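Alright, two takes on the same chain below, each alone as structure tokens: structure 1 and structure 2.
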Structure 1
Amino acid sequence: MATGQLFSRTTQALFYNYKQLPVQRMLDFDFLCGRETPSVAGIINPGSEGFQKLFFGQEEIAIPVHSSIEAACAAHPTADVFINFASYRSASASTMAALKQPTIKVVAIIAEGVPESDTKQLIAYARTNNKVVIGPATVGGIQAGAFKIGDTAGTIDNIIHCKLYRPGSVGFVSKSGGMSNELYNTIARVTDGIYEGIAIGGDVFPGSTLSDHVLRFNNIPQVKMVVVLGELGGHDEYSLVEALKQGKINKPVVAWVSGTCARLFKSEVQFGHAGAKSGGEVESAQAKNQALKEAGAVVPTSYEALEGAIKETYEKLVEEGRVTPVKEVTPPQIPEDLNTAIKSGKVRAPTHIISTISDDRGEEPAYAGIPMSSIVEQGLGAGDVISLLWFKRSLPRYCTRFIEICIVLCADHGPCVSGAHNTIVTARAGKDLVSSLVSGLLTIGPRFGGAIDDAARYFKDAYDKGLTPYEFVESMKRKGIRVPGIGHRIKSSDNRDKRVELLQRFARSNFPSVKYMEYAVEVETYTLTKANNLVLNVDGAIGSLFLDLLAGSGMFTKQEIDEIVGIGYLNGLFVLARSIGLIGHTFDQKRLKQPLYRHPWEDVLYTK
């Protein structure tokens, strides 16, 4: 066991088995104390590496994460404290691995339930190698104003309340972590505060004992008096009694062993800690308190009187001039976490995204306010979902059916069209599904599949302006623009596009009005006088019919229609539909194990 200071304002630790809250609390404590370097040098998270973002005051810092104890110690040779948050199952193995590292001097084991045989081995190894083990079953310890282990002393509010952000004159050691919080408070009330506080843990075999720490405090000049809080069960307090008797401790010791109530029970009582059980008389709180008193410690008559005893001892030291109470300092304010501040209504923060179509925060996701279960229960389909997510409303069945027909009819048009060709070439180059799909989708545009929006825009503009088909087509020609929605590479007046026919038939029987489509047909009649492939194509049919859907359903205002056409929603139908086919082509090529595609030389005109 080391004989003096374990920690300082520059002590750094390695934190084993990452837990966000205790690490952040350590860093918050650092900021409160005005430390310049974070007290956590590195995190060890077996199996993962990288960085963990945490706050150091107002700033975010990246703390390195290592996959092994050896790697962490090599990377941070000055970090000499190992804070072990491993479970009871793996705590002893990881502690032993840490103790074997030459750079590690102190190990705190937080886990409860570490097998006693394992702990004994750890203790033996630590003592032989002059290292300190705090715990198992401990919250840790704190050197006020300098260094804090994990969750010791609880919340920042409590730390401020107990003045632990700056050193006082009292060394404190207890078995219980919970009670150490209580005593930090008590000591802050009646003295100038804690210099160092350690909870050794409630196991039968603690890695370091009450007397180990009291003897250490005796060697620390800044510690002027010591407070000890023991527990019934075990013999640990008797080594302190021996040290007192042998005159090894020359600073006042105020001690109390809790558990005096055990005598009220007829049978053996086990309190919260593994080591805290009433055994024979010698292990009783009464016997230990008596022995400590006889050895020279200040022992009050009850726990309630402990505060008074500490106060009296401290004031005597002040009177004698052996303690000069530390000057009070005002700690900096720790910035509150945004989420906490928002929850408490203290701040408001602007959002960075607005979303109006779906919400996944409730019990179940909702599309445009309609819960998913209701969509399923009503038997709604893809057309309804598109209505909700694209148009933010439930459209009548004939509209959603029309959308579904568009999806079905545009799902694929064979392997030779631009999109499928690209997808096939990409899949054969060994690329994955998404790459193959998007390579096909990227061909969708003004010539291939993506003429629906422009068809709707131009047909609407021409119709609304009252242009005759002749005036419209010729004005487009003068501007050098091909009429979107007109013309096809393989379809013609002799080889009509079945898809156009099916869409028209559905609309004529179900739509209240098909004025835009009839206008498009008149335009086609005129363009066919120029060339027989200048037919109304599938893009033109969908574009003009969607204008009829928007205008005739009574579900959209004029402004909304202009917005839909202006933004360009309708190519989305082709993109969505053709994705089905492009995915199919990708699978097809992979299933057929097709090799890398190379275009034949014979099919290229090489010329200068």
Structure 2
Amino acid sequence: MATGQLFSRTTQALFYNYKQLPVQRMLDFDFLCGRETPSVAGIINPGSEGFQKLFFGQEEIAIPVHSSIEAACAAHPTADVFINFASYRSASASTMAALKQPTIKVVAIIAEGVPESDTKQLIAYARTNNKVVIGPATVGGIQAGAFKIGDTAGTIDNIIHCKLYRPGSVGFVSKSGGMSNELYNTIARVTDGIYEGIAIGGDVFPGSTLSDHVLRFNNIPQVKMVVVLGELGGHDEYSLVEALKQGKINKPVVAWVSGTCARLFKSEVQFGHAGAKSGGEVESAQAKNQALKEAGAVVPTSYEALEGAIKETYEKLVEEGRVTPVKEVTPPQIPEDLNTAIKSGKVRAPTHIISTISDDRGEEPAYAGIPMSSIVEQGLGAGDVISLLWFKRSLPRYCTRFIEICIVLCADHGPCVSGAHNTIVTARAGKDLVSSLVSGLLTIGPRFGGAIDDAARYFKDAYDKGLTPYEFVESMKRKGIRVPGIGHRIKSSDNRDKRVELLQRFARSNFPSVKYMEYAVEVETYTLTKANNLVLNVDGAIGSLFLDLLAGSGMFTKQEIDEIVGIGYLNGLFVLARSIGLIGHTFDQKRLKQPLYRHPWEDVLYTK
């Protein structure tokens, strides 16, 4: 594998199986290092395409999302690193697919627990094709001031503390990602910092070994010394011993193999990593440390003494003139995320939407402060939900029952009314449910359904002013306005609307007061003297009774009632109810497989 460094300040990666935080951390690191281009060229989410918005410093950027590895590699031919965040179940297949792409040179496998047989195949393919695998079970790696993989080195604060925003003189390799963070900190305290750091991963068969990376470091001029952190179990460290003995490494190597405490246990011990398992004597930390020391590595007497050994080795190189300490630079300030700044009390950000009727931030949605589970457990119905979401309070049962009756009575009025006709024609044109429903709803207005609002508005104004039915009707006539809620094409004094009778009967039996409805009936009595079909229709009945509901419940102020009528609440009730019927007509036409509608010629008067 040997050759030189894997990354540079222009290295770009493809990120497999999108995870927001590690991608954003990579971009924040890019900004910290002063990179001109983001290190993440594209994201691969199988089955998805588009863009993912992230931040590059203070600038919001859109990173392309691709549905396949092949498409991503074709779109970003200069991206030669593949960061694989797939689960252990699919990591092998996706890694092999990436290795087979000619543009990919390095693959980092984050998942742990990848089947060993699969890992061996990946390693064999990578070595045959001169490619590098980091992992499985790795956090990745970093070239200070240039490029980092995923969550390597942790938070921005930790990266700054460890001076990883600019290159140092030390090459570091470890099996453990967590211990890498610890050593980055240690090395930054006693040297000019890391040039490159790699965590090869804690599984039994890592894609690349400690010695693979040490040999690479030996070929990188900027790396002046190497620090190695091994662990008990396996034989990886012995390949480094052989390389040292054979003189393949001409730079100082400070090494420590952790796990010396394993001898304190009477039985075999499994530490954190799959590969960190105490076995025979040759796999013990003591044996490995001794072998490394005999091969020429600087090996301290304990982990606690490792920092001192690194410091001593580095200072000797400085004295000999082999290391010119890197000059410190001040990294730029990473803009803080808005949510983080808000939580910490550093900024005040205005909201864009106000909602007072529902809240979905808790464990379950709440309507007007009442949890969804309570609504179901109390057996509340559609009328109760409407009272909470429309009126922001729990209305008495007779009120919510009246709302439900209105919905039932207004759900449909046959296929010939304008809304149903439009819906039927649209459905027969092959349009979808929403399009068919909307085409019917768009006919609702002053002449179809919308009279409920106007009926309530005019009846209330006349009653509150104390106008007699005569004065009210005649004043409307002088204004050229038909009385809303009065009149019907079919119904008359001899053929009453059954819906109106049902509403009146329910209200008289349940409402505390029906003063507005009785006023509407008095108006009807007067209008019937003019024409037999000027009866109180369902719009007028609902409009006047809703006034009685609001006023009689004692739960609304006069100002609130005026606002409800003015906003158009009552028309909303008709829209809600009639949607049921319009949806039914859509399903009916689809079920009957009706062809495109064409209006018959004989039903059209053609004239000049």
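This structure is a prediction, so every number in the text was calculated from the model and none was measured. By rigid core we mean the largest C-alpha set that fits within 1.5 Å across both forms. Numbers follow structure 1, counted from its first residue as 1.
Comparing the two isolated copies of the chain, the second one is the form predicted alone. The chain divides into two rigid parts for the movement between structure 1 and structure 2; residue 351 belongs to the part that does not contain residue 313. Relative to the larger rigid part, the smaller one has turned by 11° between structure 1 and structure 2, according to C-alpha superposition. Core superposition places the C-alpha of residue 361 3.9 Å apart between structure 1 and structure 2.
For residue 423, the Cα shift between structure 1 and structure 2 is 5.0 Å when the rigid core is held fixed in the overlay.
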